[in-house]
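Just one chain follows, in the form predicted on its own, and it is written as structure tokens.
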């Protein structure tokens, strides 16, 4: 494996839902051996790092984010030995692996909580946050607004309330208890010692609670995460901590650490963090043909330490979240992208990428072009590389977690048994038509294009390391930006509409340069102090200028 500790800066990530990826033993549920059998597929696609959704024993009230045992593998998925095999086989192919680390809460079936609720003087009582009243921390928002009316739930056994930021079946751990803080570090080390390459840390803004605050992004939370980072840096160099914090960029900046006024000072908290707010604005831009909101949020995105990186994405295993937009824009996005009430969930939209974009290949390509050229490392959600559909009739977020469609055989090549969730089987997105085998056999398929995007991205490290200057092409329908390092420059240009669009750029530093589209090899006329283009509907260009 490459020993470069900044490998993640220009990496391409792939998010896999183990339960839905590949079933090796014919029980209808995906598992670790099944995932291991598909590592050659990920290698061929060009993936650098595999992100695994929760794999621990769990009652699965929240698809594994309700952990009942931090030290084992869910029996549906296999064993700890199967996990070790996955890691070694992935590394043999040059693929790193990160796993979800759920720090904030456990399942109510975790032995710690089972003990905690037995009595007020139980030794495990202080592992969780208890109160005789449900009136504390009233400034904290409720996240799962569709299902929860309070962040407190009464436990009838002891007559006290326990605190939870998500489902009532997910009590929050008490990080003011040093035993809990130490124990969770031990959990991290337990899995790191098996050879994984880091963690995607789930729901990190909520680790501590303080009266008079919204109980998010507290100084105590940052202090603890910096401690986690020190453990990784000292004992597991090259491992990363990827933070999931659905926050505004300026609220996220402290999670990288370092000096907010000097990006040359190394970060000492998260190596990476998801840029949540830009994602819905990409979809808004595509629907309205207007780049304004993307430009606005990126202009408000602070610089981060040079040893850190954003993670950018179009879709993932959750709903397309609309938490980081205005109330008016949330309603607009619902109107534009969720005309059926079933498509809505919490403050978001439970749809996959292809259905959101009307299964229009031009829009899907354009959205991915933006993903691969914006500042940050791109994450592909399993199945989006072939344009899989969704099933909004399924419960909660399961509609975007259906089985991977490998081929046109019964069960879509996912399983020889009845799958845990039905495979997509309709005229537009059915497995008989949309599957890996068919797309690998068709050089013009979306799969081949995504493979080409990945290879081109990695061949142009300016997209991982470069600065980003957003340009004014004189037309809001065109999104354009210049990515630069000391020895490379690449201009990314996107027509957000279904009509030809003119664009003009002032590029005095590149007079005399012949732009070349690195995706196609097409050369354009040499530049003078400016460049004029007419972009075709939904056209995108990655123009090498230096």
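Positions refer to the first chain, counted from 1. None of these values were measured; they are calculated from a predicted model.
Keep in mind the form predicted in complex with a small molecule is missing from the figure; the text below concerns it.
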Whether 368, 498 and 540 all lie within 4.5 angstroms of the small molecule in the model of the complex by heavy atom: no
One residue of 144, 420, 137, 224 in contact with the small molecule, assessed in the model of the complex (non-hydrogen atom, 4.5 angstroms): 144
Heavy atom within 4.5 Å of the small molecule in the model of the complex - residue from 202, 76, 155, 89: 202
Residue contact check: residue 402 to the small molecule in the model of the complex, 4.5 Å heavy atom: no
Non-hydrogen atom contact residue 229 with the small molecule in the model of the complex at 4.5 angstroms: no
Any non-hydrogen atom of residue 62 within 4.5 angstroms of the small molecule in the model of the complex: yes
Touches the small molecule in the model of the complex: residue 82 (any heavy atom, 4.5 Å): no
Heavy atom contact within 4.5 Å of the small molecule in the model of the complex, the stretch among 455-463, 194-202, 382-390, 298-306: 194-202
